[in-house]
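To begin, one chain is listed below as structure tokens, in the form predicted on its own.
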């Protein structure tokens, strides 16, 4: 076999860029055609828009404003989801808490995604000894449930916005390592990567031009699912009193405080619970849609 054989002729950089752009457009089109993907995009879009609006003061009332005259008022035109035991507007609290939950979940997934992806790529692309060390550390982290690891980190560092994100992110790092390592191992032995080595392509070009673009679909699915898990994890930590301290609003803390009021003021429990459910379902549906869009067999159907 010579270097002139068709099997060893790889596309130029311009052709590679064009191919990546076409794949992205095809992925978005397939995502929108998927019922789960379309529903997930709509729900996640609504959740993100609501959180952004709350961050820029788009809530009906100030989340920290207390009005003794409107304590535990049932839903009305002035307060669509009623008020809590301090006279605060539930809608404003939920929107503010939703923004905090998404910020913590986003940072946690960013930490887990970056560290886990780098470790997974190194474990799959480099030699077996490096891979063995990384995977043994990953196995040890898998032995501890993510929520227990998060509780331990928050207990050690203290409650807070950044510490909650760090605790959740550390717990999900081994998942990203496992998800990334498998495809990288397969791609490392693929024909076009071997051809690139024969043609003298650098390790960096092989990695960034041929391997990372081909695992982007798998990563996008994992990121979406991890966001759903992180929202639940943040609510769980806040429910246990280990989330952001007051006056920062938190959906999990709202659920915990409304437990004793559920029989007389059901809206104090229903509103934050509904926000958590919508966010989690939205990210899960988006992940399902991305998985359908990435799978060639599903896209053909």
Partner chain sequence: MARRLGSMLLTLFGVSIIIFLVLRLLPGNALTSSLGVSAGLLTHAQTVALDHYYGIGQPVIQQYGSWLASTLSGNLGVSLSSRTSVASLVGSALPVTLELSVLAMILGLLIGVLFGVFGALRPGRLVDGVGQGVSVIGLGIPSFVIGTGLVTALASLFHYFPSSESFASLSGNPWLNLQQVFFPALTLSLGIAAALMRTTRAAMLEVASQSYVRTARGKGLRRATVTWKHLFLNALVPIVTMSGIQLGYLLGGTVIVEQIFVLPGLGRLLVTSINNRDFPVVQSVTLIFATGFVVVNMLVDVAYNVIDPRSRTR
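Note that the structure is predicted; figures quoted are calculated from it, not measured. Positions refer to the first chain, counted from 1.
Omitted from view is the form predicted in complex with the partner chain, to which the following refers.
Looking at 217-225, 156-164, 173-181, 106-114, the stretch with residues near the partner chain in the model of the complex, meaning non-hydrogen atoms within 4.5 angstroms, turns out to be 156-164. If you check the partner chain in the model of the complex, you find a heavy atom from every one of 140, 239 and 255 within 4.5 Å. Checking 30, 43, 269, 50 against the partner chain in the model of the complex, a heavy atom within 4.5 Å turns up for just one residue: 269. Site annotation in the model of the complex: the residue of 91, 207, 134, 149 reaching within 4.5 Å of the partner chain with a heavy atom is 149.
A residue is said to contact a partner when one of its heavy atoms sits within 4.5 Å of a partner heavy atom; residue 245 fails this definition for the partner chain in the model of the complex, lying far away. Looking at residue 39, you'd find every heavy atom of it more than 4.5 angstroms from the partner chain in the model of the complex. Heavy atoms of residue 276 reach within 4.5 Å of the partner chain in the model of the complex, making it an interface residue. Mapping the unseen interface onto this chain, residue 213 falls outside it, with no heavy atom inside 4.5 Å of the partner chain in the model of the complex.
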